[in-house]
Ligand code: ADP
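Before any questions on binding or motion, here is one chain by itself as structure tokens, the form predicted on its own.
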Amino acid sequence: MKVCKFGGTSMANAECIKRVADIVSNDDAVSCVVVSAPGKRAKNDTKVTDLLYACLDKVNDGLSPEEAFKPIEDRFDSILKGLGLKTDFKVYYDEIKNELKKGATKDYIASRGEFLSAIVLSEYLNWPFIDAKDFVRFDDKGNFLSEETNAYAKAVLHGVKKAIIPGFYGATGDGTIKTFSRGGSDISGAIVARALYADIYENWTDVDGFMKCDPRIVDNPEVMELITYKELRELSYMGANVLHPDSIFPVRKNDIPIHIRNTFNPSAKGTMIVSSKKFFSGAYERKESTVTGIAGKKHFISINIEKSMMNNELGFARKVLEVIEKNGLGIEHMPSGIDTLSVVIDGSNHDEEALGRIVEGIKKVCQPDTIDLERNLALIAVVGHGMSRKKGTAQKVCNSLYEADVNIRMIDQGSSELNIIIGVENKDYEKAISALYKEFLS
């Protein structure tokens, strides 16, 4: 039995939705289908979710809900027309506009794209619609309640043979709509797969699978046919964004594999994502490879601290981390030496004032000899289970970057030997990615 999730590009217009309908109608194993809001129809188009955010902003700026909601209404009307559906969506449109008049929350408005998208596919396939708010649970602070959700999902979905479910959102105990972060429909699909003990969770998108490297940097990189949950987490966290990184948690509890597939090229093998336990047991075969994939991101900042006899000062690192925590920033990596400690933070959305407070706070509580900020740092993850069984991987990383005339600013290997993190200057990021891909994956 399968649970399928279709992303925004798969639901972008009537022709795309017809493809989705063909895929699920011709596969008897498909049970529940989770859908995203319609995405972009072309490069310069706007996703429905972004139209909804803009709608709320316009209403807050004084535009009438009728005028502000018109672009969304037009978009769905064109889909209905293209599918030949005579369903009157006025009741749904009016409900949303009434909520706008009453001061709708951002989460509620953002969720309506998935809600309407699921209603469309439900009507077109004549499959039952089940609202995600009936089983996906958040607490009052917006934190996802995993086990409570699973219990509700099992009850709501018990005995269900076919159903269409909107992704991306759920509700608190009092019915207030809450959403996941962007891309959260992937999590919704995984929740449904776990509750139904699905044999497989198919995640349909607009690419043939996980690429071994960013195709914007390396031309036509190979597709990974098989990776583990752990490898996925590492690559997703560092920017490989085919799948929401949190979507593995529900399915991992029941060892349900995820299969990434292309709605627009269903004959492609795609990428199978499996548990490390099953991978190492030999349940799945993969061509031996030291490195599975390479991913990275730019714009990190390293806070470099030096103090003589640091290693003898009990609680030094804890004091540094407490200062950073009090200023609302998280850390990415923390390489250290005997008298040195570096803390790497994401600089893409940093608060410059908070950064200044952190520096002053560390000076006050730690009294370092020196402290400085290193900006414009890019981090690259070289990921693969094979690294733990192969000598010389770090040497090859360093040699390939040396040959490419890239200076390594930082190198850090995880205790699991699943990844090697390299820090380079932003300007060398693309060159470094290309060199590493050529060394390990081409």
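Start at 1 and count along the sequence shown; that's the residue number. From a predicted model like this one, the values you see are computed outputs, not experimental measurements.
The following text describes the form predicted together with this ligand, which does not appear among the structures shown.
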This ligand isn't shown here, but in the model of the complex, which of 354 to 362, 238 to 246, 119 to 127, 158 to 166 has heavy atoms within 4.5 Å of it?
238 to 246
Could you work out which of G347, P250, G209, P368 is the residue within 4.5 angstroms of this ligand in the model of the complex, going by heavy atoms?
G209
Quick check on this chain: which one of K106, K81, R216, K277 has a heavy atom within 4.5 Å of this ligand in the model of the complex?
R216
Are any of the heavy atoms in T205 no more than 4.5 Å from a heavy atom of this ligand in the model of the complex?
yes
Contact of T9 with this ligand in the model of the complex (heavy atom, 4.5 Å):
yes
